[in-house]
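Shown next are two forms of a single protein chain, provided one at a time as structure tokens under the names structure 1 and structure 2.
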Structure 1
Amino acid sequence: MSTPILQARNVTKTYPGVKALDNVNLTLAGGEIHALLGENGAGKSTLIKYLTGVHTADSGSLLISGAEQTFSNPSESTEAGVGVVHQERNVIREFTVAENIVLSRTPKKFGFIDWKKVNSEASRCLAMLDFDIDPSTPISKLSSAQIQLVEIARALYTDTKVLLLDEPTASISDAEAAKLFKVIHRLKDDGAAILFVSHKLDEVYAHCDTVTVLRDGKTVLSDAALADHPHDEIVNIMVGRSLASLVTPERSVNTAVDPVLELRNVTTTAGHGGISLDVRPGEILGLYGLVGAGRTELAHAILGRERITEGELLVNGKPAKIRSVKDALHDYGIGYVTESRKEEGVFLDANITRNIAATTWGKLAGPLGVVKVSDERALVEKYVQELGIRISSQDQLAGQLSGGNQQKVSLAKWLAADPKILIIDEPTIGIDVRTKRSFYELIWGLADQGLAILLISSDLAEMITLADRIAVMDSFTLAGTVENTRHYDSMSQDVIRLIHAKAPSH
């Protein structure tokens, strides 16, 4: 092993009712990519927040290049050469791309911001990612994937000895991920220590040298050579038990039943043109395409967040006029599990009860509009148990949960409202192996109960595993729809062929 650049020793961190880290150890050496693995709630994000000064620890120590450090805020960790790209997007949406990149060390000249250098430094970092965008572009105009790349560029802007990457490829395309890995390997060759957190084990094995595994806040495998531990062994270490292989159920959809949701030749203010598709009760319709294809924007049009300018949206065979997410749920029974769980999916500063029950207050309210606390808690407990949400109590704040458990809370909120149509956008971003499997089984179960599901995913393997049909989008048009045979090789070829064909059809 090369000389250690970062060492965390016996780190313990406790939140009310939860020991997030329990004597955790981690060593990062220069010139290597180190994987940090574990299920949701294992303590990975908490450890990164400690390493970057977001949180202090109850006990333990941190050494950078052999010198003990105590970070009381993120600026101090940055000054010490620790860069980070967090799992959730941390940008100022009112600022430009350049302003976000240089935010920690804004160039100045004679006491004033040196705008020429701001833009030149931002351009330098963007060029390292082959990200061709005007640095003066407002962040608010960028897609989720583009924002992720800006955050990576921001980490590259500082002179990092240690680069911490928390799920950096979760929201970007395969092509963008390939560019990122080129940068990561370049930094590795330059002697940087890189910590890579991902639930995509194929990526881990393709790019990482060493591995540490956390389980329930404890180190269960420390600083080991990844090549010495096969894929299945790592999975078993992560979850603490052997997992049976996922069995894809035999599914059939009654095509004689009328669609519950239908789009006819729809054009939207977001830029869609001539979109026609339908979803039947009990069917999972996959909506696939590369980042920027217009999938999430189409979901927003269904929910009234983008305006339909031409064509028809029908629910149960009748034209639907939807102006808001509230209209979609209460008037038409359409729920929406967003991909942006921290921004839209959950109320981070509210407790678990408030988050899950929020969509059901009208249903639970008594004659005087009063909701009984006992009824609310009983409803929430039902979904906590069914979805296996790991909480200390219903009074715990949603912001204290791991990303995967926040996603489960977001899903529970909509299931509690008893929708007839459910749009699920990127359900397993940042989700660990076991939780991902439980999500798959849950989605199949919901469809078996008659729920019509519109599923958006950037993971083609996931799409082929889950969907009954796959509608392929490209450049805000529908390239085509294919029946899912669940034969991965042939299906992936069919889908990719449609993306490259650029011939809208239905």
Structure 2
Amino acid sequence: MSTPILQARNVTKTYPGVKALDNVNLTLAGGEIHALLGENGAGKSTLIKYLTGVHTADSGSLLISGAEQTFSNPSESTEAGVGVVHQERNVIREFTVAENIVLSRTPKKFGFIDWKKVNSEASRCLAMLDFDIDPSTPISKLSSAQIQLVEIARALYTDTKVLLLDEPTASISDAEAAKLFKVIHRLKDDGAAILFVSHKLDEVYAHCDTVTVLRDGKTVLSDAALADHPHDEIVNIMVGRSLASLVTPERSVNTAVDPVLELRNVTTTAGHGGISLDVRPGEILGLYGLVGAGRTELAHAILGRERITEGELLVNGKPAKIRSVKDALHDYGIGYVTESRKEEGVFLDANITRNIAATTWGKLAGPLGVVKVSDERALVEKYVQELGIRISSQDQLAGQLSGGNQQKVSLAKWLAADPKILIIDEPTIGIDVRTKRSFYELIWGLADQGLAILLISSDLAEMITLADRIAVMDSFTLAGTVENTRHYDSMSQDVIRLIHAKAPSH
């Protein structure tokens, strides 16, 4: 092995009361995809922030191509050849693709921006990724996955030797992920060192060469060859104890019961055409599709945020008129656990009480709309216990919780509203193995209590684990619905065949 491109040695970072990183070591070599694994809160993001100069460490050293470096801000790390693609998209949406790519070092001529060079440089970077897009396209027209590629192109523009990818596949579909991996492998072949953070172990095994595992801020497995450590062992190392394998419960849905939620040939203002589906009480209907297939938009149509222009929406067999989430909940008992928890699911600057009680004040309010704080607290406490949400007190702000706990707060808010139908949109994005399992068990439990659940996910394995039936969507139409046999291989073939039958271009 040649000299490693990036070496972090004994990095320690302390926040008041917490050791976020405790003597962490990491070595990235050129031509290698290195997986960085760990549960939520293990210190992965903190480490990336250190490597990119967002945070400084209390102690430890960083060597780039053998030379010691200290970054006090992100532009210094960019200068040194460390590129990063964060989990959340990090672009200027008002700018074009080209402007975003050259942002850190915009080509100039006589003090003015050299537009010709901006476009040619951007095209060069995009070509390296085989990404066929006009550099003058505004970012706002791009999908999340496309923006991610723009961010990688931006990293290439600054002669990146080390590329850090923080959960790049968390919010894109499998097909888009496949494209992304092609790009990553190409960069690897060109000699770049790549750090890959993901909660999806399958893709880690499929694409990574080496692995580092963090737990509670410590390196519990350092720069090991992935091939030497099988899947179960890695999970045990991450969790710190052995985790029994997940057992899917026997699920049976009473098909004699009439559906509570039914869509008949629905056309919407969002662009859906001829969609028919139904969910029964106690059933988990999966809504699978690629990102951009129109699944979230369909949920929004049910909730009245998009209008249904043709066809019928029936709740309990009767036509439903829903104009807002409020109507959906109060008139029809429909709840909606949103896709992006930070932006839509929780109030980051509000405390736990207010976050969870938000849907229940109508019920709790007495004369003059006065809500008794003790009632509110008691109700919230019940759901905190039931869902096992880890908080120090109800006064804690939601923004201070881990992603998994925030997601539970978002779910708790809806359970507290006591809905009959629950739409759950991408519940486990960016959530670690253990928390994911507790979510699965929760969702099964809810279905057993008779809730009708419409589950939106672009994680096929999750779909096959959870759903009773899977409705497959493609470009705003329904490609078909399949019974879930829970045989991963045959199911995934069925589902993928449905998508392809519908749109051969994919």
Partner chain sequence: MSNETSPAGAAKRRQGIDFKRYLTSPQFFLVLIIVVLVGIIGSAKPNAFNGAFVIAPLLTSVAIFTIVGLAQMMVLSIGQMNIAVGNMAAFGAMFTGLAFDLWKMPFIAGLLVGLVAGALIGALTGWIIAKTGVNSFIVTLAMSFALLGLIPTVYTTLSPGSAFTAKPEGMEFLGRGTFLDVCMAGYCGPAAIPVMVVPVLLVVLLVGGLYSKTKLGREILLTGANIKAAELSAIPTNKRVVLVHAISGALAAFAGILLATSTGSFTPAIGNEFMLQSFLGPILGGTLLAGGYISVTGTFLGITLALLIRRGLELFGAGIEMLNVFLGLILLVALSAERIRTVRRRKPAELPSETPPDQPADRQALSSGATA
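Not measured: the values here are computed from a predicted model. For clarity, a rigid core is taken as the largest C-alpha set superposing within 1.5 Å between two forms. Residue numbering: sequential along structure 1, first residue numbered 1.
The form predicted alone is structure 1, not structure 2. Once the rigid core is overlaid between structure 1 and structure 2, residue 46 counts among the residues whose Cα shifts by 2 Å or more. With the core held fixed, the Cα of residue 74 is displaced between structure 1 and structure 2 by 2 Å or more. Residue 59 is among the residues whose C-alpha shifts by 2 Å or more between structure 1 and structure 2 once the rigid core is aligned. Relative to the superposed core, residue 165 has its Cα moved 4.0 Å between structure 1 and structure 2. After superposing on the rigid core, the C-alpha of residue 117 is displaced by 6.7 Å between structure 1 and structure 2.
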